[in-house]
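Consider the single chain below, provided in structure tokens and representing the form predicted alone.
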């Protein structure tokens, strides 16, 4: 595709992020054009409702309700897919790549679900796919992995990838507030969606973890191949108990690679982190990612993980990279390097995924219960490290919190199944992992 002195940009989707991209690209256009040596023209934008009032003023002539028309328009050099979802977004992305255009996407669910197909289409038809905004908002973690840290093999990547969950957990901890009340406040403030399940059940984080695992290890891991657990059953009492033990609680994505066994583990779950851990001290809507490589050691990235401005910043960064690629060929190698020589590895079986664990049980307040629980754990070779007993909310019940020495996911899964069957256990057990990442 020949590239003129002006690059036309089309935005497919003009919600919060799309309007942010239009606003900031317009206000910074002169500086960007001077750096890139090419004119940038915001040529078209697709919307659901042409009559809707928006924060950003856009000429009516550039608006359309048909995003596929933008994707297929040969005059559009850079297509920004900012719609969300995985159906129409997939059609738009593939339509643009099939004609050799550049696509910039913020859609982690799309990449997780259809990544191999998208990358194959880009390579086959000469298109290019940029997706910095899909993970951690304004934090340039994708550029760090694929460019700055390319010399490394990554033994561990972990961090906070969902600002909604981090806000909720921070508020619960700081204000001793129950989950339901904090969630309602997060919705009122616009930090949580009306349907919060994608965030609080861990799926948004899992989509992002899938993208990071592919970048770091060349392996596509679907969410049904991961441990994915959310935050809805965490209580203020868990924060108090964790603090007593010297920990805080965060929802983390954890990606580990055992190069000796050639095994990869990708999981998402609430995790107890030592109070001195740098990720443990990231609060509110911020994200944080720790990356350990065999050459560089451990590096750390933190910033706003979502929202209009942070995500727009990442999208515009990709637009700048796309412009440089189209003008000078810079960056054209990036996807090819990742996919040309896949670093094949297998997913670690549950018995190879090791951790210490925090287990909270609501049990009948009667003699012998602890002995029965300990017997079940011993049967599955799960060693108890500490026990904290206290009152429960319901009459005749007690709260039993146990931490374990290092065990594995298979043993803990079998232990939980047996504990649930005990008549003395009154509620679904709450299991959290303990993140000993600095050991």
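Definition used throughout: the rigid core is the maximal C-alpha set that superposes within 1.5 Å between two forms. Residue numbers count along the first chain shown, from 1. Note that this is a predicted model, so its numbers are computed, not measured.
There is also a form predicted in complex with a small molecule; it is not shown, and the following applies to it.
The shortest heavy atom separation between residue 193 and the small molecule in the model of the complex is within 4.5 Å. Although the partner is absent from this view, residue 307 contacts the small molecule in the model of the complex, with a non-hydrogen atom inside 4.5 angstroms.
Within this chain, residue 61 is remote from the site of the small molecule in the model of the complex, having no heavy atom within 4.5 Å. Mapping the unseen interface onto this chain, residue 268 falls outside it, with no heavy atom inside 4.5 Å of the small molecule in the model of the complex. Shown without its partner, this chain lists 406, 33, 55, 49 as candidates; in the model of the complex, only 49 has a non-hydrogen atom within 4.5 angstroms of the small molecule. In summary, among the residues 108, 257, 77, 250, the only one with a non-hydrogen atom within 4.5 Å of the small molecule in the model of the complex is 108. The stretch that touches the small molecule in the model of the complex, counting heavy atoms within 4.5 Å, is 79-87, out of 214-222, 79-87, 228-236, 353-361. Taking the rigid core as fixed, one finds a CA shift for residue 34 smaller than 2 Å between the shown form and the other one.
After superposition on the rigid core, the Cα atom of residue 406 is displaced by less than 2 Å between the shown form and the other one.
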